[in-house]
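Here we start with a single chain on its own, the form predicted on its own, put down as structure tokens.
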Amino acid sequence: MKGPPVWVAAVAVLVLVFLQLPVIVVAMASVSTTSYLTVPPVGFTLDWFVEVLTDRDYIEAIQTSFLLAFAATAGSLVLGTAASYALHHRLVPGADALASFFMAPLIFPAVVIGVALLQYYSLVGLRWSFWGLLLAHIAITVPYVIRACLTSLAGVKSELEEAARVLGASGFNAFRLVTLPLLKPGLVAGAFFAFITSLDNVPVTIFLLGPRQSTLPVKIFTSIEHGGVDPGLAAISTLLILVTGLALVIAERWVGFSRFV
């Protein structure tokens, strides 16, 4: 089989290098001994990593971000799995229209969602509360779970669950013992995308945070706004890149979730 022309491969490599350059620059700047960003780095030090990981503001922001991301992922997994099952088996009227409705947060600009939620929360009294922020993150992450689960359900034969029911299993047990294990790739992929989306979100979160609350992306954003860019920000960004990359490799090797992208 004849491969692509050489120039196509060359262009692809150039595009990949261009896309990865910001990551390389941030990683290099994070180990510089200077108090300002410089590439190539001057000297080598890991002090910037120690500084951000011992900074109380950063620690609190990291804790809030991971707590929010784990809770939002758990909530979106429960709601997304139930919704995708009902949509796939058409247990609700207007399943196609509902599927499009659930995907709306993927289409609407995040700033619009943030402003809308801010106004709504002001009316119902959820403004600046953690639970309001959590509900917002579930709303923006559940479409990823639904999409991944619907893809997995498309490859699951409904006859398997029906056979389990014929053999005496209840509806819940048939789903738990037959369908749910077959949904594992979709659940893992959906959970990964939901977690990263929640952990990285700024446009919606910044509208809903209280005066004494902060998440890591918002902390980075406000630090740049008020103090400029320094190697400490490069260090925390490098840590985020490493954590995301490691999770990506593990998820890919576990379930091969790239087919859900």
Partner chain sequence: MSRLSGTALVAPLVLVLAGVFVGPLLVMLPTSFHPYVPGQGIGTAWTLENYIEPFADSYYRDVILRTLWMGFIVTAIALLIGYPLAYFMARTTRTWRAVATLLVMFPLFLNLVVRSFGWIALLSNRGVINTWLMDLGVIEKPLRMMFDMTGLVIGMVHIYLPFMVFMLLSSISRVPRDVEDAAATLSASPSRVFFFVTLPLTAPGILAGCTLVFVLTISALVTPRLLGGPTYKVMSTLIYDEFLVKLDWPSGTAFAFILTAIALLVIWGANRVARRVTGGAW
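Predicted model, so just to flag it, every value in this text is computed and none were measured. Numbering follows the first chain given and starts at 1.
Omitted from view is the form predicted together with the partner chain, to which the following refers.
Residue Val111 is the only one of Leu177, Val111, Ala74, Ala163 with a heavy atom lying within 4.5 Å of the partner chain in the model of the complex. In the model of the complex, at least one heavy atom of Pro40 sits within 4.5 Å of the partner chain.
Interface residue remark: Ala104 is counted as part of the site for the partner chain in the model of the complex, having a heavy atom within 4.5 Å. Proximity of Trp48 to the partner chain in the model of the complex falls outside the 4.5 Å heavy atom cutoff. Proximity of Glu60 to the partner chain in the model of the complex falls outside the 4.5 Å heavy atom cutoff. Contacts between 112-131 and the partner chain, taken as any heavy atom within 4.5 Å in the model of the complex, involve Val112, Ile113, Val115, Ala116, Leu117, Leu118, Gln119, Tyr120, Tyr121, Ser122, Leu123.
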